[in-house]
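Below you will find one chain, with nothing else, as C-alpha cells; this is the form predicted alone, and questions on how it binds or moves follow later.
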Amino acid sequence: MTNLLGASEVRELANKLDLKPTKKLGQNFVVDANTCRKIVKLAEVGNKDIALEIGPGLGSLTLALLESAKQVVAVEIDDRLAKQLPLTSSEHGFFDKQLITLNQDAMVLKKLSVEPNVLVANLPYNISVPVLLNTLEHFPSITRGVVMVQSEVAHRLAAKPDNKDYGSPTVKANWWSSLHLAGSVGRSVFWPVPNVDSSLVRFDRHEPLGSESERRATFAVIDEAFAKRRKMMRSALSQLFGGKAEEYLNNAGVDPTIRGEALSVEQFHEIGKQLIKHNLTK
C-alpha cells in the first residue's frame, strides 16, 4: 500500500498552492487515510473498475482510489488543484495513465472519453444533489457509487415516503437508483473542520423506470408536488393538469387527497404518464 495524504501533507500542499479553502467551492479536504480507504471499500472498487471522482481537491481520496481501481477520472473545477493532482499522484508512485484529470465543472459534465462504472466523491455541500442527479442522468455506465455529503442531505437522499426528509431529490434519484445510508464521518477527518456533520450514501443503479419523455414528465410532476408539499395532490397539480387533476390522478391509480411526500417514484411515474397521455407536457 502507498502512503496516502495526511494532515501535514495536505497543509503543505495548500501552502504551496497558496490555497485558502473556500466555502463557495465547499472545500473541506479529507486528511485521514483510513476514511478514504473505507469509502473506496464501501464502493467495492476493484482492479477492473474505472472510477469517476468529482471534486478531488488535494487528492486524499484520489490516491486511495488509485490503489484499487484500474483507472481514475478526476473532475476538478479549481485549475490550481487540477494541475497539482497529476503531480501528487506521480509523487506517490502511480503511473500517468492511471489518472485522467479534467479541469471542468461537474454540474454540467455530460461526456467523458472513457466509461466509468463507479462514482466515488466527497461532494461539496452546496451542489451535492444536482451533481449526483447530473451524473446519474448522463453516465448510465456508472452502476454504483458512494458519495460523502452533508448528513442532512444524506438523510434526504436515502429517505423513504412518508418521512420528513423525503423530497424531490430523493424521488428523482430513485428514478435511476436505490440509495441507502452507508455510515457517518466525523468532522475531525477534514481540514478545515466543517461546522456540519457528514455521512456516506451508497447508491446502486437499476434500469430507469421509463423513457426520457416519461422522465421529464414525471420530474415536472415531482417539482410541482414538492413546491406545494403541504397541499393535497389534486390541489398541487391543478395548474399542471388544467383543472382536471382529480380525474387524472384517479386514472393514475393515485388518491387525489394524498400529499406528494407519501408517494413513491413509481406512483409519480404513473401520474407523469397521464401528463403525456393528455398532451400536457411543455
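For clarity, every value in this text was computed on a predicted model and none was experimentally measured. Numbering starts at 1 and follows the sequence shown.
Here the subject shifts to the form predicted in complex with a small molecule, a form of this protein not shown in this document.
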>> Please tell me whether the candidate spot formed by N3, I50 and A69 is one where all three residues come within 4.5 Å of the small molecule in the model of the complex (heavy atoms).
In response: no
> Do V75 and the small molecule come within 4.5 Å of each other in the model of the complex, heavy atoms counted?
Replying inline: yes
> Is S184 close enough to touch the small molecule in the model of the complex, meaning at least one heavy atom pair within 4.5 Å?
Replying inline: no
>> Even though the partner isn't displayed, in the model of the complex is V30 close enough to the small molecule, meaning a heavy atom within 4.5 Å?
In response: yes
> Is I127 close enough to touch the small molecule in the model of the complex, meaning at least one heavy atom pair within 4.5 Å?
Replying inline: yes
> in the model of the complex, which of the stretches 88 to 96, 101 to 109, 136 to 144, 151 to 159 has residues with heavy atoms within 4.5 Å of the small molecule?
Replying inline: 101 to 109
>> Under a 4.5 angstroms heavy atom criterion, identify the one residue in L179, L81, L200, V118 near the small molecule in the model of the complex.
In response: L81
